[in-house]
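Only one chain is given next, in structure tokens, and it is the form predicted on its own.
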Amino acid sequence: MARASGYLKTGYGQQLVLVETRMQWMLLALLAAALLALPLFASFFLLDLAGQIFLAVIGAVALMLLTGIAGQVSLGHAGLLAAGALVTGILTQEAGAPFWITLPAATIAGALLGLLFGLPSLRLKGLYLGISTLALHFIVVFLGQEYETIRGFSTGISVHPPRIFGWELYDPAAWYYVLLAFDVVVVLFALNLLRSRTGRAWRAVHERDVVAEALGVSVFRAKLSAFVISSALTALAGAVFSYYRGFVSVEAFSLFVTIQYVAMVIIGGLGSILGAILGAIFVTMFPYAIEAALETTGLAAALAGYVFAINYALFGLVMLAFLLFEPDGLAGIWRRLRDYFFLWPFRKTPLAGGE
């Protein structure tokens, strides 16, 4: 009720609170209980689908911080995912490194790549910046292909399941809880980061970097920190993906993967962590929903050879529809629905004295 009714905060400490009311605490508790209980009755397919969504959430939140919050265009997201996965695969194959070494190493590698390819953001903007980050994708993919060719890994690099005190993480239900824990940590990190001086600087640079600099914000530091943190989280997502799938192949990180993550932040709603989560859920489930619709209508057999083309075409139409008719994305739709039910049966009074 507080968010929808125009509740005004009277102190800076209230601005830092993530959960403000008892109703929000209750809804959060119900959501947590549902997520924790899901593996008790879910099938293998549902657990794998949930795992894909959890992995997508990490990458979507990372891109949201960079593009949706800091306003820096990046088309190298798939390359950063590939970098994290390849670092993990190479360390596993060449040195037999455990996960507590490979995951930090992949994160540091992503941060270094973000620092390197974030430097052009100091002089380039918009499409030109996007094209410069696109080079990251081709460089990482080329190096990965060369390594696979030299080492003879024609089908990809095998990555053994992580071991914790002699216990091998292999069971789908166990993976569900591990990936859920990763999501909780990443989302809380992102939400708290946006409430810090760094997050406020990102929003200022996004709105207008010249004005932000005039107000004392270091545009240089803000842009570079956005690239470094986003790239580190993205590489971490790639490293976790490699463990989850059990292998690494550069073919899994095509440019279409970048387009999917861009779609997640657009469809979810730019500038919102909730939007990143909703966008990741929507985009991940979209192809499965299309296949289910074809099965339900009895067209699956007749259109079996066109399923991928139908998915791509409808995916593009959905992105276009959100850009034209719902620029605030799924997060905007959620906010309007929430406010409607909170304020019902009253309606908002126009500010200008209209009807």
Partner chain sequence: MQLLANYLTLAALYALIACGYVLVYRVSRVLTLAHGEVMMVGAYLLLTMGTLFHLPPLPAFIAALLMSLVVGLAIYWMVMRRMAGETVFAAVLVTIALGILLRGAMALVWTPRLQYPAEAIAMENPSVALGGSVAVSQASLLIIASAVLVYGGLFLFFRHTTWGVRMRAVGENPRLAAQRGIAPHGPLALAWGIAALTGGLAGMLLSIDTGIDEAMAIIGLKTFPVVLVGGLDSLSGAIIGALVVAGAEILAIYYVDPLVADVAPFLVLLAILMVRPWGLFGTREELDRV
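Bear in mind that the values here come from a model prediction, so they are computed numbers and not experimental data. Positions refer to the first chain, counted from 1.
There is also a form predicted in complex with the partner chain; it is not shown, and the following applies to it.
- For the candidate set Ile266, Val283, Leu113, Ile90, a heavy atom within 4.5 Å of the partner chain in the predicted complex is found for exactly one residue, namely Ile266.
- For the candidate set Tyr128, Trp167, Phe220, Trp100, a heavy atom within 4.5 Å of the partner chain in the predicted complex is found for exactly one residue, namely Tyr128.
- Not displayed here, the partner chain is approached by Ile259 to within 4.5 Å at the level of heavy atoms in the predicted complex.
- In the predicted complex, at least one heavy atom of Leu320 sits within 4.5 Å of the partner chain.
- Remark: Ile310 counts among the residues lining the partner chain in the predicted complex, judged by a heavy atom distance of 4.5 Å or less.
- At the 4.5 Å threshold, heavy atoms of Leu124 reach the partner chain in the predicted complex.
- When contacts are defined as a non-hydrogen atom within 4.5 Å, all of Pro120, Ala135 and Tyr306 contact the partner chain in the predicted complex.
- Segments offered: 178 to 186, 231 to 239, 81 to 89, 248 to 256. Contacting the partner chain in the predicted complex at heavy atom distances within 4.5 Å is 248 to 256.
- Residues from 137 to 154 that approach the partner chain in the predicted complex with a non-hydrogen atom closer than or equal to 4.5 Å are Phe138, Ile139, Phe142, Glu146, in the order they occur in the chain.
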